[in-house]
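Structure 1 and structure 2 below are the same protein chain in two forms, each given by itself as structure tokens.
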Structure 1
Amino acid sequence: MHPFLTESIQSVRHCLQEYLATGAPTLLTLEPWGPDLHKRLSEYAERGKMVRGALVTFAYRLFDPDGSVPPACCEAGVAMELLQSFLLIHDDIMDQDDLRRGVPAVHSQYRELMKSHPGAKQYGLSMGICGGDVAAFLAMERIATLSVPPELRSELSALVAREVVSVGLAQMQDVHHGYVSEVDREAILKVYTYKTGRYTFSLPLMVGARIAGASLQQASALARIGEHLGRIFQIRDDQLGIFGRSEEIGKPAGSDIREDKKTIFREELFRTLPQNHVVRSYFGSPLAGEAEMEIVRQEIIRTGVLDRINDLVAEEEQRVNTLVGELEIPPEGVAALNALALYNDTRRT
């Protein structure tokens, strides 16, 4: 990982701790659920990888590698992490996941509070929806009070709002994919582009760039770079979900196949195999064992699916390289962005 990113992760972690410790004042005034949620959000937010928050400072340093990073990067990084908490809290409700970041998901925590009540599940779900909503608006409050000139402050508020609208629509697409078996390439790439690309990469990169005084044109080039970075990240993430060992990926090996996750690997493989091929039946089969998983992996390799997807990633990287070259930023910035693309391509956990 490039030092710009590791340093930025440390910095945003510190900023988030400070924001939560000095009290997220809007949250603390309304007893009892304000302080209650504050405690849960604090535990929750601090367990994150902080990549999204860190990318704000990372982007700032692309344009000003040796300058001192202004407080606004830290503040916007906090907002990104609050947004991430909001989205994960709602995601866990949609996916009915009970664990997140190694501890019970927020809706599961609230369900536990009311465990002796027959409506405990609905209680947890409702409190979780509210908790996510609150985190979302804390994020928007943080953005609307950034230490930057008012013109930029409202520009960034609008930018963040607009991108989160797209994330919500991409999430609808992703939810939908969980309920249908036919999913085309375009739809999969849309989820990769908006849910991972623009949200995880483009958004914080644009915010950091604008704080650094980058032009709108540069910010929009970074947004395109972010889309490529996101697709590279997501493709490799899906590859890990299929080929990774349990210890690496933090979930049972092959669980993405058993859950029939609509990845580009599945789509490409299904296009290659005849309709009645037995390997298709291993997708979405909770009872398929490690032997079947291994057959799927071998089939992905034998049919050239992995090669073709590697070619796709190589193309994405090529485009990142070209766009980065056109950005007109200091050489340290060019190196950092290319390192990020390489990191997304080669990470193993």
Structure 2
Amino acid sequence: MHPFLTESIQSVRHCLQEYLATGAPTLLTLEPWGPDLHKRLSEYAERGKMVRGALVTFAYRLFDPDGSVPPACCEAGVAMELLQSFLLIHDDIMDQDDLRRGVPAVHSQYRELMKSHPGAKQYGLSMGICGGDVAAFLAMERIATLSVPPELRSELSALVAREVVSVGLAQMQDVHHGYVSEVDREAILKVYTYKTGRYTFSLPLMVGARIAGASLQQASALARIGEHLGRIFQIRDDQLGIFGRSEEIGKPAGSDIREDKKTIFREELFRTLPQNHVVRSYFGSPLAGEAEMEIVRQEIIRTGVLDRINDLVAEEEQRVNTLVGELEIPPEGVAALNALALYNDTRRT
């Protein structure tokens, strides 16, 4: 991992901890749920890898490798992490995942509070939705109070709002995919771009670039790079969900198969297997266990699906390399972006 990223991760983690200790409590005052949610959000957010938040400072340093990083980068990084918490809390509800980052998801925690009540499940879902909403507006409050000139603050507030709208619409498409039998590759990659790529990479990169004084054209170029990085990120995330271990990925391994998530791996595998192949029946089956998961893994390798998806990733990486080469940034910035692309493709958690 490049020093720009490791140092930025350390910085945003510190800023998030400081905000959760001093800033968030001034907003989460309404008893009893303000303090309750503050505790749960703090534990939830601080378990994250902080990459999204770190990419704000990372992007700033692409344009000013040796300069001092302004407070606005940390403030915006905190907002990115709060947005991540909001999206994941809601995502766990929609995917019916009870684990996140190795511990009970927020809605599961609230369900446990009311476990003796017949409506405990709905209680947990409702409270989780509310908690995610609060995290979203904490993030927007951070953006709306950034230590930057008013006109830039307004621009960044609008930018973040637009990107979150896109995430929401892509999430709706992802939900829709769960209720139809087949989804083509183009539709899957579109979800990857707007549900993952834009808010994971494009958004923080654009925010950091604009704080650094980069032009709108330069920020847009970074956004395009972010889309390709995001597709790679989601493809590797799907791969980890199939081939990784539960303790590594923080949720049950194989859950995407049991839930019949319309991933690029499923699409490629189903295009390859005969209609009567037994592996098809494992997708969407809550009874599919480790033995069935291992058969799926073997088929993905045997049929060449993994090789073809690696080729797809290589194409995305080539597009990243081309776009990085067109950026007008110092050599240190080029090296940092190349290192980010490598980390993104080879991560194991």
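Structure 1's sequence is the ruler for residue numbers, which start at 1. Take the two forms, superpose them, and find the largest set of C-alpha atoms that agree within 1.5 Å; that set is the rigid core. Just so you know, these numbers come straight off a predicted model, no measurement behind them.
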Query raised in the report: So which is it, 1 or 2, that shows the form predicted on its own?
Result: 2
Requested in this report: For residue 267, state whether the C-alpha moves by 2 Å or more between structures 1 and 2 after rigid core superposition.
Outcome: yes
Requested in this report: Inspect the rigid-core superposition and answer whether the C-alpha of residue 237 shifts by 2 angstroms or more between structures 1 and 2.
Outcome: yes
Query raised in the report: After the core is matched up, is the C-alpha of residue 144 off by 2 Å or more between structures 1 and 2?
Result: no
Query raised in the report: Once you lay the two forms on top of each other by their rigid core, how far has the C-alpha of residue 312 moved between structures 1 and 2, in Å?
Result: 3.0
